[in-house]
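Only one chain comes next, encoded as structure tokens, the form predicted alone.
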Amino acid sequence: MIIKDVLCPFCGCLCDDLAVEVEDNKVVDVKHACKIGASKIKGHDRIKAPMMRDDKNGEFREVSYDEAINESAKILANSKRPLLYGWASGVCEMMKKGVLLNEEVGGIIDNTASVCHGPSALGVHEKGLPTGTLGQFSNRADVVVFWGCNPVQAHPRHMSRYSVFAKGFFANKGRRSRKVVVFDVRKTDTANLADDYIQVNPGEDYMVLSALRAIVADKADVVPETVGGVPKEKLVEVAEVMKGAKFGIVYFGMGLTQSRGKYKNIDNAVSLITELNAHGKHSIIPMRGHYNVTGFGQVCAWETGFVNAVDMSRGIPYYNPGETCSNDLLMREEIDAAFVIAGDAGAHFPAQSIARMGKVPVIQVDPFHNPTTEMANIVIPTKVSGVELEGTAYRMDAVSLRMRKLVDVDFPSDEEVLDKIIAKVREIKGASS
């Protein structure tokens, strides 16, 4: 059986044109996907059963789902300051349950954006976001700028589907319809495909953005001969290209969000787009990583008023990045339990944070074995969203799409596990009150 128009549960592109061949309730082939997306849909390194780490020898032993869930609920219910982290590789329906669990235990719920595009949210708080959809950009953009991102490696089908090579209504010649510019600290594979590559000194993106703003505002005379390692004449040339665009789009990544300046870089980039809109139509969009990291921001904002790093210890939502983000809490050794779901703290947190997380009980809910598994005390395997479970996900441009179920498995869903943990937490807290 060939199932068409399948969504890919890998990156923020959320490609929706896959064709998946299923035989005897097993995925045997995936067409149109990138290699990473196809690998995930076919399945790899699955955790076969719930496990708990033995207190004596430190080795895992298989347990029942009820035992793993009940022990997880005890840890969370008795914790004074638990961290609930991840939430990027699951569907929106389970995220809503996660916010509810956080309310029940009075913890801090944070997602992978805190080490990725969290600063983007702060920049948007400051200046808003003149943006649009990937469909608009693929159909209209004649100038495409990638700043601090490398979609060739991180979003393999982005350039072919949405940005550079896609043929659109007003860009019907595909690549020949567009001017492509890359700003980055090193020459990436994406830069090799660009018409113009501008190498920026590490940590000096803010100055380059400010210089471009001055040039766009006809104040080139105040710009030094070199800014951030870029000659003034090159900045003037690029500014003219951007000003001359009928429709310009800037895609930005962690090269802006996680370098010197952080959210102020995004503030400045948005200001540049606003000023370019006096000359033509321009938009800007973050290159979100996990396929539904955008969805968590949407769900968390509906439920709490904030996009991530929400502290419920006061009984009301409290949000203060720099204080309530995962690594801030870990560096101050504030948390006494960690619940990691649909994310991989072990692979992406700094070594010092990992060392401090290793001092507290760690619960992992995930279909796949990953570095977090190595430090977990309890591991609960679940269904793979978009393969074994249907649900809602948000593309990087905040367009919601419905993921499909392809095969049947005996694993529970994230939502089912969260429902049982919530019920058990309420039972424990009710008995102790």
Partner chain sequence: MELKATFISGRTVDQGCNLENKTSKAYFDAAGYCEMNSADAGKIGVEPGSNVKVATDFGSVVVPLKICEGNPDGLIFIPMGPWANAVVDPNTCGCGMPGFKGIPAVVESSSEDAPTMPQLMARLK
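Numbering follows the first chain given and starts at 1. Owing to the predicted nature of the structure, the values given are computational and were not obtained by experimental measurement.
In what follows, reference is made to the form predicted together with the partner chain, a form of this protein that is not presented.
- A heavy atom within 4.5 Å of the partner chain in the model of the complex is found for one listed residue only; from Lys80, Lys219, Lys173, Arg186, this is Arg186.
- Think of it this way: in the model of the complex, the partner chain has a heavy atom of just one of Ile354, Val241, Val223, Leu193 within 4.5 Å, and the residue is Ile354.
- Of the stretches 333-341, 354-362, 225-233, 67-75, only 354-362 has residues with a heavy atom within 4.5 Å of the partner chain in the model of the complex.
- The partner chain in the model of the complex is not approached by Lys405, whose heavy atoms all lie more than 4.5 angstroms from it.
- Among residues of the shown chain, Phe411 is not one whose heavy atoms approach the partner chain to within 4.5 Å in the model of the complex.
- Contact annotation: Ala154 falls within 4.5 Å of the partner chain in the model of the complex, judged by heavy atom distances.
- Within this chain, Lys262 lines the site of the partner chain in the model of the complex, having a heavy atom no more than 4.5 Å away.
- Residues are counted as partner-facing when one of their heavy atoms sits within 4.5 Å of the partner chain in the model of the complex; in 254-271 these are Met254, Gly255, Thr257, Gln258, Ser259, Lys262, Tyr263, in sequence order.
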